[in-house]
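As a starting point, one isolated chain is supplied in structure tokens, in the form predicted alone.
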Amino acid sequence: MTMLDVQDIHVHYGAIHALKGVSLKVEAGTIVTLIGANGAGKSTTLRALSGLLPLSTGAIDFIGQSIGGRPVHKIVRDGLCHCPEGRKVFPQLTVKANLELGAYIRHDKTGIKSDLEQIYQLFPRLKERLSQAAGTLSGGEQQMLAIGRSLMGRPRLLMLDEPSLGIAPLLVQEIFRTIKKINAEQKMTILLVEQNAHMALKIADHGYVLETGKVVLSGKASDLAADPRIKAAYLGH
């Protein structure tokens, strides 16, 4: 089943034409990655999908419904959750309070408690730091918290924007393993924007390559990883 169908979307920042006809599909239960250089339009695509940026033209269908132009909070309620670049945790609040805020649209106390326990199993470091202010965590721990907070909303599709940015290499491996685990064990559909193309293509099923606001290549992640053009441009070969 196609969960997300993005059709020829254009986005402008004032006079700047940031996205120039991006089309992509995300099938239910898969990991799809968007790769490309800085400024290619990866984060802009996610912001457009989550309603943070208005479309100039084009259409976005999520689980068979049009969500182009829909308010952000309603898109979240529909089950499309955006874990932003730079983590954006609430630094003064505790780890536990940050996680609980992720469930603000929910009222099922038993389910919330059960999901918190799942987050602690996924990220044992967070359980050790529940009463700690989020701003005192390391970059990697804040990324774990941001992903955990997103999962507390029980999304149908989780969009992750640059989860490896500014994180120690050892923790990058751990975070990518966890993303794969979330997909495999929770059957979570994931759209991943990532500059670390090697890691992204390793865990993804399908990939899209963006350059200057356009999709220039797409295909199975394993095929893209083996493509000489991708190797030369993004994988350092």
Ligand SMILES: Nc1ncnc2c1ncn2[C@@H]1O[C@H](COP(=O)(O)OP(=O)(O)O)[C@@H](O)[C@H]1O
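A residue's number is simply how far along the shown sequence it sits, counting from 1. Here the structure is a predicted model, which means the values were calculated and not measured.
Separately, the form predicted in complex with the named molecule exists; it is not shown, and the next lines address it.
This chain is displayed alone, yet in the predicted bound form one of A18, L24, L217, A221 has a heavy atom within 4.5 Å of the named molecule; that residue is A18. Interface residue among A37, A28, A168, A184 relative to the named molecule in the predicted bound form, by the heavy atom within 4.5 Å criterion: A37. None of 176-184, 64-72, 43-51, 199-207 except one has non-hydrogen atoms within 4.5 angstroms of the named molecule in the predicted bound form; the exception is 43-51. Within this chain, D115 is remote from the site of the named molecule in the predicted bound form, having no heavy atom within 4.5 Å.
Among residues of the shown chain, E141 is not one whose heavy atoms approach the named molecule to within 4.5 Å in the predicted bound form. With contact defined as any non-hydrogen atom lying within 4.5 angstroms of the named molecule in the predicted bound form, the stretch 181-196 contains no contacting residue.
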